[in-house]
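Given next are two forms of a protein chain, the same chain in both, each as structure tokens and marked structure 1 or structure 2.
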Structure 1
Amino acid sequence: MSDTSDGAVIRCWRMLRARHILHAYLFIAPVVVLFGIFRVAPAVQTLLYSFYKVELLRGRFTFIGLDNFARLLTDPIFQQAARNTLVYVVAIVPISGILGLLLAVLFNSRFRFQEFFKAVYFSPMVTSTVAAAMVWWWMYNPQFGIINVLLKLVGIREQPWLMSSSMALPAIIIFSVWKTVGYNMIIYLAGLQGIPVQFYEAATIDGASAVRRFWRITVPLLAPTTTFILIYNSILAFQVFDQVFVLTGGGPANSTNVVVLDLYRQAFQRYDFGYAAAEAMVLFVCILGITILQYVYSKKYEIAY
């Protein structure tokens, strides 16, 4: 190859790169602009409120720096809410994710009536969280809720469920697993569909067992999907609200108080919007940090081929 050809190749490549960069910005423009106006701007404004004493309706904003955050540090209720939220996230994300994966793998193979089972396991997603939570409130009733009735049938004592400070949060977690496992299953199913059959066929020909096929083909090729599940489920779990509001209202004795519920009360019952914004800021930083961690970690495992 002569020098001029090399130069031409490089020039061509640079032009292509520039064209691609232009395309990139064009393609993301609608999302960025629409989000920018209707989601980013309000979110940034809200977060900024955390540095002010906000009297929204009088239109008075007094800059108080980090005062709201200082108060947060010494607020035992907020600390408990933060602890509860962490427990909730650490429980629900792995449980719901792993169960979703197992169900997806199961129903992706030659499983009898799989269409029926898929629909059944997905069905909790179909109702709104609020409606479903109301039904479960009823089911958790210690006296005549169906859950205790069933437990009694197999000889287990009646449990206080939502009435007990130690059982209420697990009860909410159980509800959330019921509600979200179908969602994770569907997403993993979509991910599984993207794995070419040839890979499995080749592996089977080579004599790999089902378990080995699972660990060596399925799991690695599902990495992008798993990343998504982890990140998305975490973001949602940190902001759990609807079911707590309906099932326990944060009680008993703040044992199920979560950050979003606490900030909701601060904003709309105590009308301390600045303090609520501070809680939202802390939550945001936490979620962002964990998401970045998961994102960076995932890049190691996403295979480009």
Structure 2
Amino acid sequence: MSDTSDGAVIRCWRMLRARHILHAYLFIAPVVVLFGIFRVAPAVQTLLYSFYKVELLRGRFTFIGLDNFARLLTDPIFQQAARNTLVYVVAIVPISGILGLLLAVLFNSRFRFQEFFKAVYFSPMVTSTVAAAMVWWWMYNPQFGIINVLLKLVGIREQPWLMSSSMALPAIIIFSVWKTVGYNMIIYLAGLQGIPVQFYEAATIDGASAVRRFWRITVPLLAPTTTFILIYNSILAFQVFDQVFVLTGGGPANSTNVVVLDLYRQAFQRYDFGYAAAEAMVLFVCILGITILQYVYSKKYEIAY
């Protein structure tokens, strides 16, 4: 009799567990379906298009294998766009990260109007990139822009900024640093507040200076935060588009043309979707490779506490 009752209990428990699992899958099903439709399916479609000559207006798809990728190797416009993108990434990631860390260390101590200044530095991050870029376009104006006015006041000659092929990309980098440094500051500030105060107290008792405490305690214990910021900023930097499109449109003389902007032109101006898909796949592989490299390499320096 007891065996029968035990079997009934087990069957009932299994039915309840199966019902709970079914309910869980039903709850996540909308998210999974939407993710599949708007993320997975376009990614797979892009991969397939990269091996075809796509003529959407004619409804014609011609398989050409790796020809689109071969064209990338000999296309001077794409090569320049790739170089510009790489320069942008190499500049924006460390500069915005270091400035964000320094600001976080500054704001980690209490002082008057601290919250106000936090909001001031973070506000660019929540501002529309297009709207902010339009304001900076006026600021960069070589004739009446506020930046040249300020330079003239301190005795520095006016700069052509967005009108110069040598100054346009640095101008975009300056704008992007201003746009992203506030986010890095908030993330680093959260990491700093998670470090136990006892470490700093013990180091102070041992006679360690503020600089030594920063290099021996703060920097090592912020390794996980730094890893996240490096990966996040790198991904965003490789996908830069809005500010370039608004500020320069890729000019002058393609000096600020980047991969995503060139991809956009190939797909929606020249309607060469296969070639644009190949550019997208190359960009995806670069982002994935650098992300994995940063993650694996930074693991060596992470410290648990």
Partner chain sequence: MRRSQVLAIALALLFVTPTGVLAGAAKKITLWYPAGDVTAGAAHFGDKTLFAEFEKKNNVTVEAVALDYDTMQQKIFAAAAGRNIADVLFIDDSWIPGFLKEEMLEPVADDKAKAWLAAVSPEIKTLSDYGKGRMWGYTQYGIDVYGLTWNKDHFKEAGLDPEKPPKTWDEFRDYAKKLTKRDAQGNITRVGYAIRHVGQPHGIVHKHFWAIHGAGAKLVDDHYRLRGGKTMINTPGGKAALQLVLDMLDVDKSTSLNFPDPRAAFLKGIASMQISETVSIQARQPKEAPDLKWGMALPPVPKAGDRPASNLGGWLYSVPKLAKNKADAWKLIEWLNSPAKDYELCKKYNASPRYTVNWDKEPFKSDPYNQGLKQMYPYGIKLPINLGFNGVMEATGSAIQKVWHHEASVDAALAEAEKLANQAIADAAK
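Here, a residue number simply tells you its place in the sequence of structure 1, counted from 1. Here the rigid core means the biggest group of C-alpha atoms that line up within 1.5 Å when the two forms are laid on top of each other. Fair warning: this is a prediction, and the values are worked out from it, not measured in the lab.
- Each of the two structures shows the same chain on its own, and it is structure 1 that derives from the form predicted in complex with the partner chain.
- Superposition on the rigid core between structures 1 and 2 places the CA atom of residue 292 less than 2 Å from its counterpart.
- Residue 111 shows a C-alpha shift of 2 Å or greater between structures 1 and 2 [criterion: core-superposed Cα displacement of 2 Å].
- Core-aligned CA deviation for residue 205 between structures 1 and 2: 2 Å or greater.
- In the rigid-core superposition between structures 1 and 2, residue position residue 38 carries a C-alpha shift of 3.4 Å.
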